[in-house]
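Take a look at this single chain, the form predicted on its own, given in structure tokens.
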Amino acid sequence: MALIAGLVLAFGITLADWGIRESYFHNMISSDSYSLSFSALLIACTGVSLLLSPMYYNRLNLPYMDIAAMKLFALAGGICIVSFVNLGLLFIGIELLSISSFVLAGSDKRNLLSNEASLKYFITGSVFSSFLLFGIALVYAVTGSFDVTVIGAFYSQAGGNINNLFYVGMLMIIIALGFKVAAAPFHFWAPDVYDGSPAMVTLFLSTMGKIAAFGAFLRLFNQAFLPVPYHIGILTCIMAVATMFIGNLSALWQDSYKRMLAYSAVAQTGYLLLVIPASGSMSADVLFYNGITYIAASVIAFSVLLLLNQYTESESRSQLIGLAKQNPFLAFAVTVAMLSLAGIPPTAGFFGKYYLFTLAAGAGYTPAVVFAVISSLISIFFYFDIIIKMYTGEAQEQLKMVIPPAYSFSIFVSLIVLILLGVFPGILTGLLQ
């Protein structure tokens, strides 16, 4: 409980600084509405993960406090990369987040899949860290600064007359950050790492880790690379479309509920990636809104998986058959989560995709939006398959499920968030301006 109390205090201090614009450590890090909003979201996400953890790790007989420490280190890295002003701090924050994630992925040392996930994540992550470093070095070589505000001023003043090394550096940074958010064709690690890691770690990596990386991605573009070069925008849209289709088409064939959620996370990356080429005044609000809805839906989906794993070792979708008769509340919560991930009104996910598609279309990337809509239609098949399974058929075994208070609280709050933002989507409009 001391960990949760500490995070609640940190969350309160973060909100108390709202409206204050300050820079610290010789302008390495900035406190503004963007950094404070995403920092609060990452703290809340970590808090939920820690709240749900004791029961799960006690069942697996794993050292909970060691794993909690790694999550706090990852949170520190996440806060650094959504608040950076200096590219050096961006690299340090990503490394702090990444190294903690490598350890977390392999935290179940007795499980070969967990060991494989950690090793695969470590090797690929190390390679793409070199891309990030080389990209930063090239940008520095052209601009003479690591400060994103200086880089942004240099780039805007140069117009199109800038050394091509700058664009090569920008491309290498995009590749590195594309790996961190699991965007195609750099997504290959995500399904295996998400599937092999302990389920609680998968929830943490696919929510806190992903949203932190996206926060860094957008902050970099909004402050250093505006206006987004047309060829870079097209390339990013191609990555986004490929990620959507690879994620959704792969999820269609997964019998494992956990692996289906892993591919679903890859597909959601594709939608969120549309915010990068459309960087501008409203892009931060759109990303923040989608980040909240994605985290809330993921918390529900994974919480139910964790609860079912208390009674059965199976991770098949079939374990959800007849859930509505055994526990109507859980079935309703999962239904709302699946509808939100699919982008069906009146859930928050519908408005999240509406804002994303509108933003991308307004920036001139209408073909990418058309493909995104088609991809969303494909996703309906496996999301609705989960819903149909819960409300039809008889469960293979009758489970007398007892939902711990921590799980009830997390699921209930996430459910309220999805419904409230679906009914009143304008609550967050202009929050990050």
Partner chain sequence: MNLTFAQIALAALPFLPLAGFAVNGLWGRRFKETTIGIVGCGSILLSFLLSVFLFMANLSGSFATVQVRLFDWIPVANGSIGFSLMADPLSLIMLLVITGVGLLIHLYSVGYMHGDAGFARFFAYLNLFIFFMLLLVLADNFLLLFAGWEGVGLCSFLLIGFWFTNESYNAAAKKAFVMNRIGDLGFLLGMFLIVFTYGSLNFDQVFTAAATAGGANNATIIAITLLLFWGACGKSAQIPLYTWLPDAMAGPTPVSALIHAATMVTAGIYLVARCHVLFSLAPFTLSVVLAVGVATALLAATIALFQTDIKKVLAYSTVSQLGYMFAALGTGAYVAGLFHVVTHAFFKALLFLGAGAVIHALHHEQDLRNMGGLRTELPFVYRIFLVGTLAISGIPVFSGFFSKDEILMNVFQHHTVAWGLLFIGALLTTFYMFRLLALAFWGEKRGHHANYVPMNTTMKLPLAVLAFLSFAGGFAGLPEFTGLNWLHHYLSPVFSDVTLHNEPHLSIGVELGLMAFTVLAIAGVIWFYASRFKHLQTRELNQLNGELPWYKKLPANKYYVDEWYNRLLVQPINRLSDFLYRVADTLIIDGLVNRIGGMVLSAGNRARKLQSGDIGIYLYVMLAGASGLFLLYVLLGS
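Positions refer to the first chain, counted from 1. Computed from a prediction, not measured in an experiment: that's the story for all the values here.
Below: the form predicted together with the partner chain, not depicted.
- Of the stretches 206-214, 172-180, 299-307, 77-85, only 172-180 has residues with a heavy atom within 4.5 Å of the partner chain in the model of the complex.
- Contact between Lys71 and the partner chain in the model of the complex is not found at the 4.5 Å heavy atom cutoff.
- In the model of the complex, the partner chain sits within 4.5 Å of a heavy atom belonging to Ile234.
- Contact annotation: Asn164 falls within 4.5 Å of the partner chain in the model of the complex, judged by heavy atom distances.
- Looking at Pro185, you'd find a heavy atom of it within 4.5 angstroms of the partner chain in the model of the complex.
- The contact with the partner chain in the model of the complex, taken as any heavy atom within 4.5 Å, belongs to Pro191 out of Gly152, Pro191, Gly322, Gly280.
- When you look in the model of the complex, the only residue of Ala44, Leu51, Ile29, Ile378 with a non-hydrogen atom within 4.5 Å of the partner chain is Ile378.
- For the three marked residues, Arg317, Val413 and Val417, no heavy atom of any sits within 4.5 Å of the partner chain in the model of the complex.
- Contacts between stretch 241-279 and the partner chain, counted in the model of the complex as any heavy atom lying within 4.5 Å, involve Leu249, Ser250, Leu252, Trp253, Gln254, Arg259, Tyr263, listed in sequence order.
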